[in-house]
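Next up: a single chain in structure tokens, the form predicted on its own.
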Amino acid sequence: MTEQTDRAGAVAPPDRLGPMARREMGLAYGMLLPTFAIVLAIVLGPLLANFWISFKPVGLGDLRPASLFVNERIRGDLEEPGATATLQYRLRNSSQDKAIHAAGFTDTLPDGLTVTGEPDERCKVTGQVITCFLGDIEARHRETIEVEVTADAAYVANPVKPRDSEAQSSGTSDNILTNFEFTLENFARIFSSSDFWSVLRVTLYYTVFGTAGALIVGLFAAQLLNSAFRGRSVLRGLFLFPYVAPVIAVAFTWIVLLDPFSGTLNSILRQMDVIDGPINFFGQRSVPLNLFGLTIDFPVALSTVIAFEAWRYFPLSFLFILARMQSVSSEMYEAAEIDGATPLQQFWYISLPQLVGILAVLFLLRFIWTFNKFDDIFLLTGGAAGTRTLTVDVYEQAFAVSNLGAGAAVAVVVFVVLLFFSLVFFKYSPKDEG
């Protein structure tokens, strides 16, 4: 192992690791390997499962493979020795479109009951055990197998219902979740739908403005609380309330405050003669606005949801921005003030360049979280009135329409969009000057 000397004469570090260093590196990787495997399984497992389901026409009813249901009941009275009755096995294929192969069932009769009649040719009796081989049964198949039984004195003295011992069914069926048949039908369906592109536009609108609103409000709050004054600690704690409060509580509060009939905001606006009638902030899709002779449809419900998003999540931006602002040397501001810089100039030329890096990171995190946000919109509007985003569409496709494959396909689109955004962001994101 030799050392190299650069042009300035300094000794450069060796270009290869020694045997001891290689052994230590191998030991470190070996000790960390289980942790890496667990993290990869937690992260990649659900992601790969979602990709797998997105290429399959699977619904909620396909989560379980087809199985044979056996409902057992007895027809007749067995109240004295020698009495006979009919034991019925009502069979049903649980699937509406899948066959069951090599289907059958086995049942054990209670002590004291004996099969006396001629059983079905597909069934055989061995002592107290009845075994039936049904072969392949088609989807929606239903039938009843009857067996004549006779009771003896032991059964009459201690009667036990035959259905108390459940019949054990058997059989195999093709499981759409585990086979290797794939299709692009889910993606073709969502991309050919006119609703998908409108939902994508709403999602981008909601994400961009919700993220920007949270950052701007957080930046403004951090600027206010950057200087020391009496009660600053209390005010900082109050600023965290929207973020730490339960989402269902704050969402319900907003719904009550903005109610079109009994809400506080509508009452104040009417008393101030700002509006003539109540505004349904969470139920009205849009209102026409005339700006400079141009009429536009202003999205009321979507804008209200965006305002809620900015209000609820600005404390996170506020904390990070405030921490970064307090790390900037006060001497820079003192020198700028001596030079006659106004507060706005100090913010623009000193504070903002120092905050570019943290603002970029916050924008990335908030963009991803807002793009994936589901609970806020679902609690406030349920996706109605033009507020349906891709995450709400995933829920509706998977559970409202019972099409898990289409829901997984929409989730894959969400992943691809966020991956593309992240790659572009990391390539062109600005950095701190300090």
Partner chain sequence: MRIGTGFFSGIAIGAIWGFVWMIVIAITFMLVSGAITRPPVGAAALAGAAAGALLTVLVPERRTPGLQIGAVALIMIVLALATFGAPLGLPLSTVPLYQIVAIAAIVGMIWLSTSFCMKAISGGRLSRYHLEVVFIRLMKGLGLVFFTVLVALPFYVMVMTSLKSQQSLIANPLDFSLDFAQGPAGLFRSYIELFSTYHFGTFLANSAIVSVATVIITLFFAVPGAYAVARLRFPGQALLSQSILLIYMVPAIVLVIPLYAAFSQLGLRNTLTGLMIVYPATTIPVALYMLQGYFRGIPSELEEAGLMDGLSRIGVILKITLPLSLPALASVALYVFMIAWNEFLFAFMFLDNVDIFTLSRGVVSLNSSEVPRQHLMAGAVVATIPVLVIFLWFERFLVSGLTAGSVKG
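Positions refer to the first chain, counted from 1. Definition used throughout: the rigid core is the maximal C-alpha set that superposes within 1.5 Å between two forms. Not measured: the values here are computed from a predicted model.
In what follows, reference is made to the form predicted together with the partner chain, a form of this protein that is not presented.
The listed set L177, M332, A139, V160 contains one residue whose heavy atoms approach the partner chain in the predicted bound form to within 4.5 Å, identified as L177. For the options L352, A102, I296, A323, the residue carrying a heavy atom within 4.5 angstroms of the partner chain in the predicted bound form is A323. Contact annotation for Y89: none of its heavy atoms lies within 4.5 Å of the partner chain in the predicted bound form. The partner chain is not drawn, but in the predicted bound form it has a heavy atom within 4.5 Å of L418. The partner chain in the predicted bound form comes within 4.5 Å of no heavy atom belonging to V125.
With a 4.5 Å cutoff on heavy atoms, S67 does not count as touching the partner chain in the predicted bound form; it lies far away. The stretch in contact with the partner chain in the predicted bound form, judged by heavy atoms within 4.5 Å, is 309 to 317, chosen from 191 to 199, 277 to 285, 309 to 317, 142 to 150. Contact here is defined as any heavy atom lying within 4.5 Å of the partner chain in the predicted bound form, and by that definition not a single one of E185, L204 and L291 is a contact residue. Within 4.5 angstroms of the partner chain in the predicted bound form, the stretch 340 to 370 places a non-hydrogen atom from each of A341, T342, P343, L344, Q345, I358, L365, I368, W369, taken in sequence order. After superposing the rigid core, the Cα of K98 is displaced by 2 Å or more between this form and the one not shown. Relative to the superposed core, A49 shifts its CA atom by less than 2 Å between this form and the one not shown. Superposition on the rigid core between this form and the one not shown places the CA atom of V417 less than 2 Å from its counterpart.
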